[in-house]
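Next up is one chain by itself, shown in C-alpha cells, the form predicted on its own.
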C-alpha cells in the first residue's frame, strides 16, 4: 500500500504555527519593503544631489542608510530566514512545491540579494570617497538589484495563491506558474505601498535634521512620496482583488476577522493625514510621531494584511494543489503529481500516514482520545489552534457542544465530502471521524467526551452495536 508523503507535524500550542509564521512575516515585510523602497529613493536622491550639487542629500542618504542597516537589514536578515524555517516545518510540502517549481528563481533572487547587501554598504561608505559618477552608478545598481529581489520573490508568493496561468496544471513550466495577472497586480500594489513605508520610516531620520530649510525640503519630498504612493496603492489594491481566485473571495466574504477592513481603512486615512500634516509644516515631523506612524503601519496595516493573505489562500497552501494540511488535493498532470485523496478515501489517515504511532492505527475505546488528538494535529493544526488561544481555536467552530454525534456528523457530512469550499476535503473513515469528534468535544466538555468513550467501551464488552448512526443526525456548524 502507498503511504501519504506527510512530514512530521510541528505544532506550537500557544498561538499556533500559522501565527508564528505570520508574526515574523509581518515584521519582515515592513523591513524588506522599506529597504527596497529606500534603495530606489537613494538612487533618485543621489542623481539629484550630483546634478544639482546638493551634498546635503548625500548626508541624508548616509544617515538613512545607517538607520536601515539596523532597522531593515539586521531585522530583515533575522526574520527572513525565520520565515522560511518556520514555514518549512509548518508546511513542508508547501515549501517543497515552491522549491520543485522555482529553485533557480530562488537562487537568482539570492544573487541579487547579495548585490543589494553589498550595495547598501557601498552607497553609505563611499559618499565623498569615489567620484560622483561612480557613486551615482553604485546607487542606481543598488536600487535596481534591490527591486529585482522583490520582483522575483513576488512571483513565488503569487504562485502560493494561484499559479500564473491555468496551463501550468496540464503543461507545467515555471513561466506558466510564475507569471500571471495576480503576479503583476501584487507587484504593482506592493511597489506603491513600499514607498509609503519608505516615506514613513524615512521621517524618523528626517526629524533629526537640524537645518530648517533642508528639513523642510526632505519632509516635503517624503510627504509627497507618501501621499501619492498611498493613494496609488489603494487603487491598485482593487486591481489585486480582481485577480484573486473564487475561493479567496469566498473566504474574504465569510471568514476574515471583522476588524480587518476597518483597520486597513483607518491606518490608510491616518497615514494620509500624517503626510498632509508634515507637508504643511515640517516642524510637525518629530521622531516620536514618525515612530508611532511606523508602528501603526506594522500593527494596524501589515498584520491584518498578512493574516488576510494567509487566510484567503485556504484551503490551499501552495499552487492550489497542496492543502493546508499537507495533503495533495488535486492532480497536476504537468508536474506528474497525483491527488492523494483516493488513497485516503480507500484506507483513511490512520492506515496511510507514515508518522502515526502503531498503537494508534486502530481505534479502540482505550485510545480513542489519543487517536483524535493525532488526527487533529495532522489534519487541523496548520490552520486551527488546539488550545483556547492563538489562531482560530478549533473548538470555537463547534459552539462548545458536548454532543459527539453532532460533531462527527459534520466531519463525515461536510469535511469528508469537501462540501465546505474554504476547508480542505478530509476523507475520514467513520471510526476516524468519531475519534476526532471525541477529541474536539473533550476540549470544552471533557465529561461528555468521557461519557461517550465509556459508552463505546460498554458496547465493545457486550458486542452490541450503536442504535443509530451519527451520520443520520443533523447539525449545522456555525
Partner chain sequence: MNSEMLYALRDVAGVPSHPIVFLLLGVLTFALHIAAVQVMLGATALVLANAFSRNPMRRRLAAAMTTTAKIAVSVAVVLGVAPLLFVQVTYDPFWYTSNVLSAWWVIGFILLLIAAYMALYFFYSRNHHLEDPRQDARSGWSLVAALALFLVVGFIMHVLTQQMLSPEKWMAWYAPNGVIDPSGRTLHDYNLWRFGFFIALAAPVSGAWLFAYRRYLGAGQLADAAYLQWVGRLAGRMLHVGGVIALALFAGWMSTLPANIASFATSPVVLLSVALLLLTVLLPALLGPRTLNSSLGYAPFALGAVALIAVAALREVLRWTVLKGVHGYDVFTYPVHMDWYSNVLFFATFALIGGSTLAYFLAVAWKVGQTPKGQIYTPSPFIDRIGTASLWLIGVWIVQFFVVGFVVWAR
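In this text, all values refer to a predicted model and were calculated from it rather than measured experimentally. Numbering follows the first chain given and starts at 1.
From this point on, the text means the form predicted together with its partner chain, which you will not see here.
Residues 88, 97 and 377 are all found to lie within 4.5 Å of its partner chain in the predicted complex, as judged by heavy atom distances. In the predicted complex, none of the heavy atoms of residue 315 sits within 4.5 Å of a heavy atom of its partner chain. At a distance threshold of 4.5 angstroms between non-hydrogen atoms, residue 81 is in contact with its partner chain in the predicted complex. Put simply, residue 294 is far from its partner chain in the predicted complex: not one heavy atom of it is within 4.5 Å. Using a 4.5 angstroms threshold between heavy atoms, residue 288 stays clear of its partner chain in the predicted complex. In short, of 267-275, 147-155, 302-310, 251-259 it is 147-155 that has heavy atoms within 4.5 Å of its partner chain in the predicted complex. The listed set 214, 224, 397, 125 contains one residue whose heavy atoms approach its partner chain in the predicted complex to within 4.5 Å, identified as 125. Proximity to its partner chain in the predicted complex, taken as a non-hydrogen atom within 4.5 angstroms, holds for one residue of 187, 218, 279, 205, which is 187. Taking its partner chain as positioned in the predicted complex, the residues of 96-122 that bring a heavy atom within 4.5 Å of it are, in sequence order, 96, 97, 99, 100, 103, 104, 105, 106, 107, 108, 110, 111, 112, 113, 114, 115, 117, 118, 119, 121, 122.
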